[in-house]
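Next up is one chain by itself, shown in structure tokens, the form predicted on its own.
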Amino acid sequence: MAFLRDPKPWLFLICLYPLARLGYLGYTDGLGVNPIEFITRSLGTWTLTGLLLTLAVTPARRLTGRASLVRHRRMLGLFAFFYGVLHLLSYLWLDQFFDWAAMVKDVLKRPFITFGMVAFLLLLPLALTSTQAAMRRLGRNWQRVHWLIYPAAIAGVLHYGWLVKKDLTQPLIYGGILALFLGLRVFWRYKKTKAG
């Protein structure tokens, strides 16, 4: 019964939901008239959602006083990276057909692709240093490396906003939530500095 009381396995299953949903929609021919665009955008949306959920852990911990929430942050961050890898693969494979020359041209020509690539490259060191061994090896520098999640999330929101262009409702919602989380961190750091 300890399994039922531990939220970690349930959180793991919930994080797999977007992938299961895509699989179900693919199996039932429910990916719409442009399946490649649907898959790529869906994976990108869940990457950004995962990043924001990861960033939500610290405010949630501080506001609720539940220190145990921190134990789930790494899983959320790794799932965000997992969906980021799938998002990138869907672009490279389904959209560009591994045409590397066309991809480089695309990155240089279209700003939303540029910001997407920047976001992914910023997430890469976070995923590579997410192990306990990396934490011990990097020491205090580990935290500095993981501050990259902030510019990565900003680049992710810009990537989304530049992509949709016309209806900015969803990118603005993501941007507003990100601004709230960043604002809370700045406020808490200011209070800590003032308190001496």
Partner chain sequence: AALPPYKKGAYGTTEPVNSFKEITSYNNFYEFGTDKADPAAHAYSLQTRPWTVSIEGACRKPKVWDIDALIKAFPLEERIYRLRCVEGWSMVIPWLGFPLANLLKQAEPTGDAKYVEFSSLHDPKQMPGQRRAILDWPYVEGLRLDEAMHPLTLLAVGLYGQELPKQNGAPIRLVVPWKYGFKSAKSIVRIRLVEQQPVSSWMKAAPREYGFYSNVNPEVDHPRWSQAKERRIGEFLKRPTLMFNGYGDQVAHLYAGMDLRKYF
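Since the structure is predicted, the reported quantities are computational estimates derived from the model, not experimental observations. Residue numbers count along the first chain shown, from 1.
In what follows, reference is made to the form predicted together with the partner chain, a form of this protein that is not presented.
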query: Selected contact from N141, T169, S68, T64, since only one has a non-hydrogen atom within 4.5 angstroms of the partner chain in the model of the complex; finding: T169
query: Close approach of Q96 to the partner chain in the model of the complex, 4.5 Å, heavy atom; finding: yes
query: is_contact(R74, the partner chain) in the model of the complex, heavy atom dist at most 4.5 Å; finding: no
query: 4.5 angstroms heavy atom contact with the partner chain in the model of the complex for A127; finding: no
query: Contact flag, I36 vs the partner chain in the model of the complex, heavy atom cut 4.5 Å; finding: yes
query: Stretch 149-174: residues contacting the partner chain in the model of the complex, 4.5 Å heavy atom cut-off; finding: W162, L163, V164, K165, K166, D167, T169
